[in-house]
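What follows is one chain in structure tokens, specifically the form predicted on its own.
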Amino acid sequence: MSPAVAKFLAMGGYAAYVWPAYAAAVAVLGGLLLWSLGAYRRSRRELERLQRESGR
């Protein structure tokens, strides 16, 4: 690993705080993505059910 990359990954000595914060942000955003996709799929199924019931 080059010294420049090692210096970047060390984040000026704050790597122990920065990298977990990035990981938490990715986990939260990933969870929101999965939750949103699930809600979208449930809504689509409900719409299809309502359209079938109304005869459309």
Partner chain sequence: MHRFANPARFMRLSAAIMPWCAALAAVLLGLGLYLALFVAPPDYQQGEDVRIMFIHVPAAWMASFVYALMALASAVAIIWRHPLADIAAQSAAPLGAGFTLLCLVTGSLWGERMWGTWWVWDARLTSVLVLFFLYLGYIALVNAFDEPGRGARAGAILALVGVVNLPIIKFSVDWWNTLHQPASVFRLGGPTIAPSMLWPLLVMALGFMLFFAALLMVRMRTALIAAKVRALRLAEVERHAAAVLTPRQAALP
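Numbering follows the first chain given and starts at 1. As the structure is a prediction and not an experimental result, all values here were calculated from the model. For the two forms, the rigid core is made up of the largest set of C-alpha atoms that agree within 1.5 Å on superposition.
Here the subject shifts to the form predicted in complex with its partner chain, a form of this protein not shown in this document.
Although the partner is absent from this view, residue 6 stays clear of its partner chain in the predicted complex, with no non-hydrogen atom inside 4.5 angstroms. Taking non-hydrogen atoms only, residue 2 never approaches its partner chain to within 4.5 angstroms in the predicted complex. For the partner-free chain shown, 21, 22, 24, 25, 28, 29, 32, 33, 35, 36, 37, 39, 40 of 21-40 come within 4.5 angstroms of its partner chain in the predicted complex, judged by any non-hydrogen atom.
After superposing the rigid core, the Cα of residue 15 is displaced by less than 2 Å between the shown form and the other one.
Taking 2 Å as the criterion, residue 32 does not count as shifted between the shown form and the other one: its C-alpha moves by less than this amount when the rigid core is aligned.
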